[in-house]
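As structure tokens, one chain now follows by itself in the form predicted alone.
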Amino acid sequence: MASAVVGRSISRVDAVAKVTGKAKYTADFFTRDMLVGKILRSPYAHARIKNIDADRARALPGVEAVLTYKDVPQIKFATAGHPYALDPKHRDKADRTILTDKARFVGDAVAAVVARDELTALEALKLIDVEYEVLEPLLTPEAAMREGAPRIHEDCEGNILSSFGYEIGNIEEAWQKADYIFEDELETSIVQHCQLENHTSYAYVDSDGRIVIVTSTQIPHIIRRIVGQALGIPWGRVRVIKPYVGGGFGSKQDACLEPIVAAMTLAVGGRPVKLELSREECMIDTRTRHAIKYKIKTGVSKDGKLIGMHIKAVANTGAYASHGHSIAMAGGTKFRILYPMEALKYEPYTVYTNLPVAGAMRGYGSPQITFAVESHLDAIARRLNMDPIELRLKNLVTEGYVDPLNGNRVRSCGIRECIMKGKELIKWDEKKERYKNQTGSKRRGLGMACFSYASGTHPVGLEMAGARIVLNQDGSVQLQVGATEIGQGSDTVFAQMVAEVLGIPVDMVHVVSTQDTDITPFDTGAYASRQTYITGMAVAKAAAEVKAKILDFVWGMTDIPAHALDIKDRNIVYKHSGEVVMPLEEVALHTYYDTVFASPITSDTSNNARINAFVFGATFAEVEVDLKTGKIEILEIYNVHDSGKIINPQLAEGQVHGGVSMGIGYALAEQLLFDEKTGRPLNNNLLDYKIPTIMDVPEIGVAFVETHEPTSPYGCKALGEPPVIPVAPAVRNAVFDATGVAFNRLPMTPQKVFEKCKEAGLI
């Protein structure tokens, strides 16, 4: 029955296409006359181009075009995948050109080649002569902010992109009220998304003179605007098509390839040009996660009540702004809901350096600040001789809390239940007692960490989503959404929502997974864990509209009032008894072919959300630390979420498994490394950059505390990004519990663990 669709673990609607190889990704498309694009990258982290000579490359047989900064518009544009802001003060920093005359990191694009094949293109890159004036590379925020340091961008004094923060209450008064004041310094690393599908785009000029870009992106409608801005052409002259996407995790919430591949096709008269980055290129010239350093000072009462907290953060944004200061601010905004306190001062600095560009990545600043705050809380609990869970329970938010800065209200909150569930699953009290007097070279410990997050970007960003439904002649429906399926399962969840409303099986909902800006309703894209909550509302509205039209049509056919009817199991039925009036298919045929009443049924709706919902959760971990080798083994780990109503439990579990795996890599192994003098990447490949494999990830425990969020379709809230957020601090706190050593810098590699344990006298 239809009432059982939402909340059931049905198979993904794209499962068969993906496992049989019928699903086509951008790289699967080609045409007979397709050309190949390649990019020449700077070998220097900071250098000005004194002269660039491409004549030899242009003369190479098979080369169709060579582009330098002299051949493309020198219009500065912003690459971040944010909705356009009508308020100029709210726009992203425009600091890029399609090709640059000043390299700002090793790998920056200084020229591009279009050739008839890849070998010719690669050979042509070698024939481009570039004379550089090498400048001092600024590889750390401290170096970049140093007085007298050269400017990475000429219009940015001190290389500080932004330092906007906030203060709630009076932090100085909080220090006066506190019985204790604790301070810590913590630091996170630069990591990479490592999604399966590399960044790939191809472009051509259509018969009507418009640029068509087929691309692996999370944000097709925003890409259209950015390409228009970069080329200085009307946005309507650009059409963007998104086929299947093999993951993004935020790295495809940026215009990394699309402006330059558009310039490439224009350079060859509109012939199709494909640009595929190698894994090595992806790891340095797409986006990374910001490394952020924190200084935290907290005032606490004798009984463990948090009174005030002052956080200073320095975020390394790399060579270009990308998402700019938004990452640092988002982290500082979403965590604060969890533990309301009298005073909170957040003082973030986002700083340019000569390293690859940092941008959006799953959690959008929250994994960093949650690592810092949740680690700091465990340190406080230890100094107060208090159980870490007890400290958190004393300070948790409750329903009804209103964020004093933006007015968002907590309308559903299961964080307390999440903690108690995780505590029970891992047998917290029993194991704490068992491990309290350990000796020897292998020691076990328990750790936990909490998080809060949001279900979109309101009130900071526009939250627009569109959905279109067409009733087919057989009673099935077509569903189009502007939101993008990138592997997270949104198409399946939307199909469930439509099936639920219309009283039809999920296999009668045909989801059009390809987004095309010429056809698909406008939606800002896949990010901010927004789709089930924001786009889901548009889908629910569209389905309700179709249902109302169907029942009205039946009223016209039968004289039975629409309010007396319902749709169940593909039939029009009396609402009060369930008696079948006629099959839905018969109604659908009449909407197309009735010689008197024919009027095909469609709906085309949008949802401009001006509300948000908070999600909560916790991770619990048990580890064993080998003091002699520094190896950390995760014995058990549980990720517990309050994400409201779970629409598809199996898909939700999949989200959690992926997020926890990503969090384990963040905690224990992953870090992009660079030569400390030159900024040259040292491990931008999947051999030397260590992401967890199936052999490295323990069995992951997943649990949900289902609350009902009244502002959403079916009571759901966000889940996409949250699973990654609390993992690293939970593992870190378990190591802290096992060893008594505070690891305040990620990742906790065996070498670092060994060295710190030795320094602490444990070995």
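In this text, residue numbers run from 1 along the sequence as written. What you are looking at is a predicted structure, and each value in this text was computed from that prediction instead of being measured.
Below: the form predicted together with another copy of the chain, not depicted.
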| item | value |
| --- | --- |
| Heavy atom distance at most 4.5 Å to another copy of the chain in the predicted complex, all of 519, 594 and 602 | yes |
| Any non-hydrogen atom of residue 610 within 4.5 angstroms of another copy of the chain in the predicted complex | yes |
| Partner proximity in the predicted complex: residue 464 to another copy of the chain, non-hydrogen atom cutoff 4.5 Å | yes |
| Another copy of the chain contact in the predicted complex: residue 480, any heavy atom under 4.5 Å | yes |
| Exercise: residue 206 in contact with another copy of the chain in the predicted complex, heavy atom 4.5 Å | yes |
| Per-stretch contact check against another copy of the chain in the predicted complex, the hit in 233-241, 687-695, 484-492, 143-151 (non-hydrogen atom, 4.5 angstroms) | 233-241 |
| Contact assignment for another copy of the chain in the predicted complex, among 179, 552, 172, 507, heavy atom within 4.5 Å | 507 |
| Heavy atom within 4.5 Å of another copy of the chain in the predicted complex - residue from 345, 305, 568, 468 | 468 |
